[in-house]
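Only one chain is shown below, in C-alpha cells, and it's the form predicted alone.
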Amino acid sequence: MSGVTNRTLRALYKPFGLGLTVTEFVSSNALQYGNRRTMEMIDQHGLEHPVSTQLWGNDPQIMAYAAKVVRECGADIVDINFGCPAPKVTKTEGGSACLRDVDRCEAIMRAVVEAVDCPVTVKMRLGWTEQDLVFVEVAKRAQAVGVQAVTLHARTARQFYKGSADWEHIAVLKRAVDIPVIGNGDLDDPSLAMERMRESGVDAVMLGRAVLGNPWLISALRSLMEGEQPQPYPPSAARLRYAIHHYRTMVAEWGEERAVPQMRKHLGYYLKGFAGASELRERVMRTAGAEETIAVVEETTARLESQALVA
C-alpha cells in the first residue's frame, strides 16, 4: 500500500474499527541512509496505535538495522514483507522475490527478531510461482526463529493481483503452525470475510485495497465479529462528505502541493457506485487545486442530497 496508507489515512480509518494499522512498506536500504521521504513514510500520527511498520529488503543485517530504526520511531510491531510482487521491488530480490530463497528468508527473519524488543511478524505470498509453493516452509521457519504471527496473501507472486486468492491454502497454513495466522486477499464483503474466517480458522484478517474509499467495510466487519448486525453503508452523498473531510485533512497536514496529487488517487476510490461517478471522476482529475476540486465534489454532493430529499 505504498503511497496510500500514510499517517493521515491511518488516523482517519482507525476509528472505524481497525485493531491494527500498518504503515506504507518501506525499503530497509533507504532507512539505512536516512532517506527523508522514507522517514516520512514511517512517521506516525499518534492516533493509529497499535501500528505495525512493514519493511522490505534482501539483506539480513540491513533489515535488522532498519528494524531497530522503526522500533525507535515508535513501531509497536515490525512486519517483514515477503509479499510485494511489484517489479521495482522484486528486481532487487526484495518482497515476494525472497520466497525464491527460503534460507535467506530465514536469515532475514532471525536477524530482525534478534534486533528488536517488540513482536516481529511476516507477510508473504504462497510462493514465487504455482510450481514452487513455499508458504508452509517459510511459516514453520518463522515460528522456529521467534516470529509471532504470519499473514498470508493467498496468491503467488506471478499472479500479481489476477485471479482469486485461494483461501484453502490459508486454511492449510493455519493447521501447519501454532503461531497466529492472518488471512488476506479478496475481502471486499464483510459477510464473505466472516465466512472465510470461519472456514479457514484464521485468527484475524488483513484488509487492504478493499477499504480504500470504503472505510465502512471496516465498521461492518467489526460489527459482525462482535455478533452485531452491521449498519448499512452510508448513501453516496455522505460518502462524498467524508471524502471532502479526508481531502481537507490531507491539505492541512501535508500542504496543497503534496496533498493534491495524492488525493486524486484517493478521490478515485471514493467516487464509485453512484450515478454520474465516472463523469465526476474525470472532472476532478482535471482540476488545478484543492479548493477547485472540493468545490466540484461539493456541487455533486449537494445535488445528491437534494435528490434524496425529493425522493
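What you are looking at is a predicted structure, and each value in this text was computed from that prediction instead of being measured. The numbering used is simple: start at 1 and walk along the sequence shown.
One more form of this protein, predicted together with a small molecule, exists but is not displayed; see below.
- Here is the short version: of 90, 200, 184, 156, the single residue with a heavy atom within 4.5 Å of the small molecule in the predicted bound form is 184.
- This chain lacks the partner; the member of 100, 71, 209, 222 within 4.5 angstroms of the small molecule in the predicted bound form by a non-hydrogen atom is 209.
- Proximity of residue 54 to the small molecule in the predicted bound form falls within the 4.5 Å heavy atom cutoff.
- By the criterion of a heavy atom within 4.5 Å, residue 25 is counted among the residues contacting the small molecule in the predicted bound form.
- By the criterion of a heavy atom within 4.5 Å, residue 236 is excluded from the residues contacting the small molecule in the predicted bound form.
- In the predicted bound form, the small molecule sits beyond 4.5 Å of every heavy atom of residue 121.
- Contact with the small molecule, judged by heavy atoms within 4.5 Å in the predicted bound form, is confined among 134 to 142, 185 to 193, 224 to 232, 100 to 108 to 185 to 193.
- Contact check for 1, 81 and 161: all three have a heavy atom within 4.5 Å of the small molecule in the predicted bound form.
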